[in-house]
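As structure tokens, one chain now follows by itself in the form predicted on its own.
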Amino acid sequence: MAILIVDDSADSRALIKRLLEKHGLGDILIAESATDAFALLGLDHPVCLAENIELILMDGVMPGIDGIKACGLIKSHACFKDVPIIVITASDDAETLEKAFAAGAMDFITKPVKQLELKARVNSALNMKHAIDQRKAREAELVKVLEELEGLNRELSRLSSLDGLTGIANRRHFDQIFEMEWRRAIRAGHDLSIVFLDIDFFKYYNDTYGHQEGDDCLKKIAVAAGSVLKRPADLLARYGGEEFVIILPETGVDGAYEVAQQIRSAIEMCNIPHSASQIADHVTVSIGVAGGKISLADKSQELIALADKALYEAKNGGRNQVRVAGAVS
């Protein structure tokens, strides 16, 4: 880290440099004018050229741009807003010092420069700069930790909304999204439909093939059902066990019925062997659909109950089929 001396007097520069080196401060940069200092610091450059500067000793009176004005220009630059500047002045009158402090100087030294005063004020400025750097480093580390924590929280939130086996939405996430879509349907006057599907004779499947194969079957069903859904707002969730549920926003029962039939066909086309099924030699599903216009007088659980009732009717009606319960009201 370096100290920059800005002074138009060669004698003053040499004296200050010698005194600093005497106190073990050997990395000294020299500028003969404010303009030279600006070039060295890279104030007109898009990237700071001297970010390693930790202290500037600025002569208050120089030809061209004086030290006080130079101080203000340097401090206005983002790279050097925390770099302390000590103004070296032959005049310690209140007006001069007030202008220096207003320009951003943190301290001043009167001429002729005295060894002990220079040492004390330089040490004070460097200690302040080091404290600022440490604080900024801690803040940067804290920001990094907080960003990592936010990322972990987002990931935890995402994982908490997913079914651990199939990777689709879980019951908890379904409940949240369903209530949100319910309220949105009421506000906008849109249709909302729910589709329930249940794997036919899944208990027999597990008994015949084992729970590992049963888990694989559930995963395949989730993939097949999900492949039919094309809109981002459509949500497929595992409702529990071998039962799945789908939210179809802005969709009436006719549209939901078409989606349900496509899902039933997609699952049947997977041709997952099921020798214990009483209706086919492969896995099939029964599906119940309910939907319609939602009003303030309706209750969200009524739509769930209707879709569940339609599913029950599909099972009782021979399975591997879609039944529609109709509108909420």
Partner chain sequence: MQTYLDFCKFLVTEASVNNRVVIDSDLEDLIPGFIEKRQEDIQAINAAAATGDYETIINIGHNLKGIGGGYGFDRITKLGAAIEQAGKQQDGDKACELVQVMKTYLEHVEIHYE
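Each form is matched to the other, and the largest set of C-alpha atoms that superpose within 1.5 Å is called the rigid core. Numbering follows the first chain given and starts at 1. Since we're looking at a predicted model, the values are computed, not measured.
One more form of this protein, predicted in complex with its partner chain, exists but is not displayed; see below.
**Q** Looking at 76, 208, 115, 176, which has any heavy atom no more than 4.5 Å from its partner chain in the predicted bound form?
**A** Checked against the cut-off, the match is 115.
**Q** To verify the annotation, which of these, 142, 149, 90, 102, has a non-hydrogen atom within 4.5 Å of its partner chain in the predicted bound form?
**A** The option sitting close enough to the partner is 90.
**Q** 9, 19 and 111 - do all three of these have some heavy atom no more than 4.5 Å from its partner chain in the predicted bound form?
**A** Yes, because 9, 19 and 111 each have a heavy atom that approaches its partner chain to within 4.5 Å in the predicted bound form.
**Q** Should residue 305 be classed as touching its partner chain in the predicted bound form when contacts are defined as heavy atoms within 4.5 Å?
**A** So residue 305 does not count as contacting its partner chain.
**Q** Please run the contact check for residue 25 against its partner chain in the predicted bound form: heavy atoms, 4.5 angstroms, yes or no?
**A** Residue 25: no, not in contact with its partner chain in the predicted bound form.
**Q** So, in the predicted bound form, is residue 276 in contact with its partner chain at a 4.5 angstroms heavy atom limit?
**A** Output for residue 276 is no: heavy atoms all beyond 4.5 Å of its partner chain.
**Q** I'd like to check something about residue 270: if you look in the predicted bound form, is any of its heavy atoms closer than or equal to 4.5 Å to a heavy atom of its partner chain?
**A** Outside the cut-off, so no.
**Q** Between 54-77 and its partner chain in the predicted bound form, list the residues on our side with a heavy atom within 4.5 Å.
**A** Only 61 sits within 4.5 Å of the partner.
**Q** When the two forms are laid on each other by their rigid core, does residue 116 show a Cα shift of 2 Å or more between the shown form and the other one?
**A** Comparing forms between the shown form and the other one, the residue 116 CA shifts at least 2 Å.
**Q** Taking the rigid core as the frame, does residue 305 move its C-alpha by 2 Å or more between the shown form and the other one?
**A** No, its C-alpha moves less than 2 Å.
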